[in-house]
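Consider the single chain below, provided in structure tokens and representing the form predicted on its own.
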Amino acid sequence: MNTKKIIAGIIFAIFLSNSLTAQTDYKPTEKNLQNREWFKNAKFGLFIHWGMYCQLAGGGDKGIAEWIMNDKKIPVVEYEKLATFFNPTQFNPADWVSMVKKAGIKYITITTKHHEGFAMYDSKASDYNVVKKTPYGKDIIKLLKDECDKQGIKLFFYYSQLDWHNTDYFPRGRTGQDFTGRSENADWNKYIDYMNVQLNELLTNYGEVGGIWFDGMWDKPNANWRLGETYSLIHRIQNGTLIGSNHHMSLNEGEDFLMFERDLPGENKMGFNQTSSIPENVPLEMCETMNGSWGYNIVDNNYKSSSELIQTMVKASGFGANFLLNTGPMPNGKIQPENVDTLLKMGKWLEKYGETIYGTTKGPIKPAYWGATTQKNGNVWVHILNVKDENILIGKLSKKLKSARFFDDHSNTKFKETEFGVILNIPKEKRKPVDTIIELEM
């Protein structure tokens, strides 16, 4: 049967069954609210950037990875050849998920389609996918989803709204310009229809989906993305699925969590964040790389230490945000040993100190140069990450402090309440190399 007719039929069926009008006055369902609460408590996720770009593995430049098609100006007709030798025969989803659990990670977010436009699942909307075009010929997303379900790990789907391959992504945005060789006889609304069909597939064929992690709106920030329509589609098919978008701005109506790329909430060291306000009761998430690349990059060995990443996770928790830490699997389907080693070290730390991270909310004192605070069920933990003097001014508390004791051995430490806030005494012999945790009793 003609593929175009099949796609047209799917689109027609989607848009006839219930009107997908703009999602105005969005009210999350009870299941959605429950999933938000689960998400806020999870605190630690694994981001997986995996696509055909992993085979070019950096192209001789640090940080290029998943952007290599754009940065090296590779035409579509040439880039498509990558699919003919994408064959990750050593991909073992059971190994991936088992490692994730040992690392104390509660959910995975994986790229189902990145900016290159290639689907890592069996899409009927386009033959440009891992099942139809590669010698591997298997649905990677289904294999991983089945294993996540088996081992009790939630799976979220990253989906790029930006597409350097699809002809109908026109007019071009800030990236993927004329070098691609795509026709300019295009229809933007047809592209949005195509995107909604693929989202329908992901939400229909893979069981319960934790969330949809959008990326790419920043490429054409003023375009008519028909967001209300797309968000209504997602919430209609699975009303518990959370929607987030890496547009670097404040929440749009219909979005369920707010994310920050390589920055803590409210910060803008990377130059991405244009968020004007952070809602009080909406889940937050910070995503970060282990080196300088999202996708696998053979020449990027600038790895962050496990200690540095643990401290970033702690600070994210101090803002009430999840920490989504990225890995880019290798072309053979394995996760880099360096990344596995880092994740397992973080898991060891969480085995001992996870009580002060999982299920917590942001603490009573905002994160500062010295560290952060978290709290849960009346317990308040002060995480001292950077200490030079024995006495540290951490700021003001809303209640009178009764006691302060070290988390590791439960011994008391001295403290003083001043007009400027609480001063804690941290003797050198009590300090830990990564995080010295003190539990406060009011």
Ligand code: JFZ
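Note that residue numbering begins at 1 and tracks the sequence as displayed. Please read these numbers as outputs of a predicted model, since none were measured by experiment.
The next section is about a form of this same protein that is not shown, the form predicted together with this ligand.
- Within 4.5 Å of any heavy atom of this ligand in the model of the complex lies no heavy atom of His165.
- Taking non-hydrogen atoms only, Lys133 never approaches this ligand to within 4.5 angstroms in the model of the complex.
- Contact between Tyr296 and this ligand in the model of the complex is not found at the 4.5 Å heavy atom cutoff.
- Mapping the unseen interface onto this chain, Lys315 falls outside it, with no heavy atom inside 4.5 Å of this ligand in the model of the complex.
- For the residues Phe44, Phe47, Phe39, Trp381, the 4.5 Å heavy atom test against this ligand in the model of the complex is passed only by Phe47.
- Note on contacts: among Phe407, Trp67, Tyr26, Phe415, the single residue with a heavy atom within 4.5 Å of this ligand in the model of the complex is Trp67.
- For the candidate spot formed by Tyr159, Glu201 and His235, no residue has a non-hydrogen atom within 4.5 angstroms of this ligand in the model of the complex.
- Contact with this ligand, judged by heavy atoms within 4.5 Å in the model of the complex, is confined among 190-198, 133-141, 213-221, 120-128 to 213-221.
- Contacts of stretch 258-280 with this ligand in the model of the complex, defined by any heavy atom lying within 4.5 Å, are made by Glu261, Phe272, listed in sequence order.
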